[in-house]
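Before any questions on binding or motion, here is one chain by itself as structure tokens, the form predicted on its own.
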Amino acid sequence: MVKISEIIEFLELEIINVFGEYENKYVKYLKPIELVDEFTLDWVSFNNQNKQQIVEQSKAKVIICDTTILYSELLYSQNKILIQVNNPKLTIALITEKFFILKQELGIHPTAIIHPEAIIGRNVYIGPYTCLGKCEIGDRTILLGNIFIDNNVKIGTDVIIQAGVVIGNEGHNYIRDKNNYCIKFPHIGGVIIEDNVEIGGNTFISRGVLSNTVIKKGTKIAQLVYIGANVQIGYHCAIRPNVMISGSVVIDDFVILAPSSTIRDQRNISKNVLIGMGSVVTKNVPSNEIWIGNPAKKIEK
């Protein structure tokens, strides 16, 4: 059980108003809407229709909502507690992470294989059958298992890497000789993954050819993503499943790449851009635009 007073103390400046008597009151869990009961911490999205009715009909006694909800006589008679915030969905995510998620165990699984010169930070978890080359892993980073991290890879603090990820592999970079045979161009760069990055399962991130592939702080990468050599991804980007980013692409901050989108090599995507689902980007994309299609083009709305 979690005390309502502890939740309120945790949220601090997120809270705008609290209505109802919350001392010595508890919630036990989060549940889908059809299973909500009096021990559920409930919430109402800013985008819901009939929000007032939803709150008044909820079986929950504690509800996270926005300031458009009136603490009516009915809510007062039901002894409900309203915690009003600007963004209920963000707030419930913060509460869930703090109070309702089983924390990851720490330590190194006995099946992990670690290079003797690898640098491992404090309070990390290295899961089963993970193989680490001569790399650096920051504090509180979680490697969930069956992960391969090659030499010359640096991973920051508070990074989460899901199972099956490969970081530091060679990209597909060949040149033709006089006989038209494919000759591999060696990759001697590395990979830098900054703090608070998350990487979904079965994602591949290739090391740079001469310089490094870089994923900057706060970026979230979903499952089954391919990131080519020398790619630079900025702060707090969102890379959705099945995205393919070719080599030497530069992606600026706060970019969203929707599922199954593809970025051609040596292209630049500027800040605050959204690339639509299944799009193929063949040109540079200016800031604050939405591009969709194959080939991708700017849309006005």
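Residue indices: 1-based, along the sequence shown. Basically, rigid core = biggest C-alpha set you can superpose within 1.5 Å across the two forms. Not measured: the values here are computed from a predicted model.
One more form of this protein exists, namely the form predicted together with another copy of the chain; it is left out here, but the text below deals with it.
- The contact residue chosen from K216, K80, H187, R140 relative to another copy of the chain in the predicted complex is H187, the criterion being a non-hydrogen atom within 4.5 angstroms.
- Of the listed positions (I120, L74, C131, I108), a single one reaches within 4.5 angstroms of another copy of the chain by any non-hydrogen atom in the predicted complex, namely C131.
- The closest heavy atom approach of K61 to another copy of the chain in the predicted complex falls outside 4.5 Å.
- Although the partner is absent here, V280 lies within 4.5 Å of another copy of the chain in the predicted complex, judged by heavy atoms.
- Interface membership of E198, defined by any non-hydrogen atom within 4.5 Å of another copy of the chain in the predicted complex, is confirmed.
- Another copy of the chain in the predicted complex comes within 4.5 Å of a heavy atom belonging to E14.
- Residues K178, N179, N180, Y181, C182, I183, K184, F185, P186, H187, I188, E198, G201, N202, T203, F204 of 178-207 are found to place at least one heavy atom within 4.5 Å of another copy of the chain in the predicted complex.
- Superposition of the core reveals a Cα shift of 2 Å or more for N179 between this form and the one not shown.
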